[in-house]
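Two forms, one chain: they're shown below as structure tokens, one block per form, named structure 1 and structure 2.
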Structure 1
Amino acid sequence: MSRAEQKERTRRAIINAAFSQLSADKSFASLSLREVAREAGIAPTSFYRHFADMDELGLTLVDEAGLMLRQLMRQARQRIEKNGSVIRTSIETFMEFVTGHSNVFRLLLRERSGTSAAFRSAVAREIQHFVAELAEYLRKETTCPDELARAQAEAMVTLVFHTGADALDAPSDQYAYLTSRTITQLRWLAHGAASYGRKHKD
């Protein structure tokens, strides 16, 4: 096996070890370099061959989490084309992500308000992708001025994200309720923004 290839392999082992140690009661901040190294099957000091410190690993994790989110978005778009129902499809896709990769979602959720400014802005950047894409959609679909489309998109993403957080602590038989509640909230927003916009125009 080539050297670069092997290096990439243990790099992945480190990343996977870190992800797998995240859980409901273990945040990234509470991971230790030694624990991660142990699970990755390397000596603690070998960690430094791949990352300068835990922060650098953390930023990598956030990046990967963002990647998954964007893949999710693409998947949602495909489903919408076939399915039609924009709001419901989007939320259901998102909820599948939350339940299927809860550790990844938890990482974003926690680091969004965590103790590292770098982490916070990295997460914020990933979420902004969501917002920007949704805002563009709203701008096309409705007759909303740019500024308001963005505010509407931000509110929607906030509500959906928050519902994901709720789902993490709720028994799974609550998911259907959480989903339908959020759908209602988003419809209110869309409805209100449309009629409020009209009112402003007239």
Structure 2
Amino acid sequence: MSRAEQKERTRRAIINAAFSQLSADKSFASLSLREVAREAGIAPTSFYRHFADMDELGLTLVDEAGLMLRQLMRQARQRIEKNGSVIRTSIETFMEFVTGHSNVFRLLLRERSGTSAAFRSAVAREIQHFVAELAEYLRKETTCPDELARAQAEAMVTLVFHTGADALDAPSDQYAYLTSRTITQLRWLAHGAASYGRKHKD
């Protein structure tokens, strides 16, 4: 293994170690560098070969979390092309992400309104990437104007993130209800957007 490959492997180990320690009871702000280094199997001093400080690691985690979510939703759109309902497939995929990567989603939720301006800005940027991709998809699929596609995408993302927050602390037997409720709400939203678009076409 080359030195560059070893460095990237260690960097990845640090990122994974940080993610693995996040939970309902432990936020990123409460993580220590020593805890992360120990979990990653490196000496604390080795941490600085990969990140300037814990803040830089935190921003990297936010970027990774946003990328994971966007990649998953891209996969959902591929599933849609093969089999059916846009809204149902998207929500089921999103709920799989929330339940399977709860520590990752908690990071986005917490830092979205956290005390660090840099973290808030980073999360806002990731959400805007998500909105932009969804708006582009809606524009292509529904031929609605850019402004309406953007407004619909923002409303959908807000609603879906709210459902994700509910799901984090809900018992598993509530997931089906939350999924069904959100599908209904998104369909209302889609029908309303379509109706609005027809009325304001000219």
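For numbering, take structure 1's sequence and count from 1. Predicted model, so just to flag it, every value in this text is computed and none were measured. Between two forms, the rigid core is defined as the largest C-alpha subset superposing within 1.5 Å.
Here, the chain labelled structure 1 is taken from the form predicted in complex with the DNA. Once the core is aligned between the two structures, the alpha carbon position of Gln6 differs by 2.3 Å; this is the C-alpha shift at that site.
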